[in-house]
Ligand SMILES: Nc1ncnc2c1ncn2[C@@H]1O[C@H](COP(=O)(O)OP(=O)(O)OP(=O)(O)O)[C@@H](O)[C@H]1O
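Next up: a single chain in structure tokens, the form predicted on its own.
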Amino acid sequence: MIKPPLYELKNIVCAYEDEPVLQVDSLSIPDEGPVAFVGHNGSGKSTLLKLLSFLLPQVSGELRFLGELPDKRDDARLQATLLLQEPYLLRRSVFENIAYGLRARGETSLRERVAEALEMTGLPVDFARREWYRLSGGEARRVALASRLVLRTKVLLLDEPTANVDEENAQLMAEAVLDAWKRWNTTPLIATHDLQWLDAVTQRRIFMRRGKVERIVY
């Protein structure tokens, strides 16, 4: 049986206030590992990530996820999670931030799952007790990443994950992203300007310009 692509897009148009910002005639993203979206500001990378995470509907066109239309899969929206460029944390402890999504999905074994996510992002287990306001910028970004990793989704979408993060935190995040792919076959889809960081994660790239796919290197 032929394995379907992770995503298939045909004649996709996305718009903000009736202004088209993304136009993709045809794009197939295989389920074969991390892929990066590369382009200048305004190229459509963030819009595409929101579309692929099912947070933004298209105006027209067809989007398929693992061979099916998202509305035909009850679990489609549970199989993709997006880490935004500006990490948002609840005004709660690190544990509660990471466990929030698990609670919402009715999952159990919260302590074990949270400890695993902390370990993957290079944070000690006792870090779970720390309050949100006691985190540095890099620590907050890693906690936000852990809150996505803990869900073990099929797709992990990352929008400028290393923005305003130092080299050490960036390296730990790269290791965590690759670890999720190896452990659970979670496919990272990444939009970033940080090409040096990207080299450590993937060489598979989709180049974008003015809301369109310009070139693909798989």
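These numbers were taken from a predicted model, which means no experiment stands behind them. Sequential numbering from 1, following the sequence displayed.
Omitted here: the form predicted together with the ligand. The next part is about that form.
- Heavy atoms within 4.5 Å of the ligand in the predicted complex are found in exactly one of 25 to 33, 62 to 70, 182 to 190, 46 to 54, that being 46 to 54.
- Proximity of residue 21 to the ligand in the predicted complex: non-hydrogen atoms within 4.5 Å are present.
- Taking the partner from elsewhere, residue 164 is found to have every heavy atom lying beyond 4.5 Å of the ligand in the predicted complex.
- Within this chain, residue 79 is remote from the site of the ligand in the predicted complex, having no heavy atom within 4.5 Å.
- Taking the partner from elsewhere, residue 93 is found to have every heavy atom lying beyond 4.5 Å of the ligand in the predicted complex.
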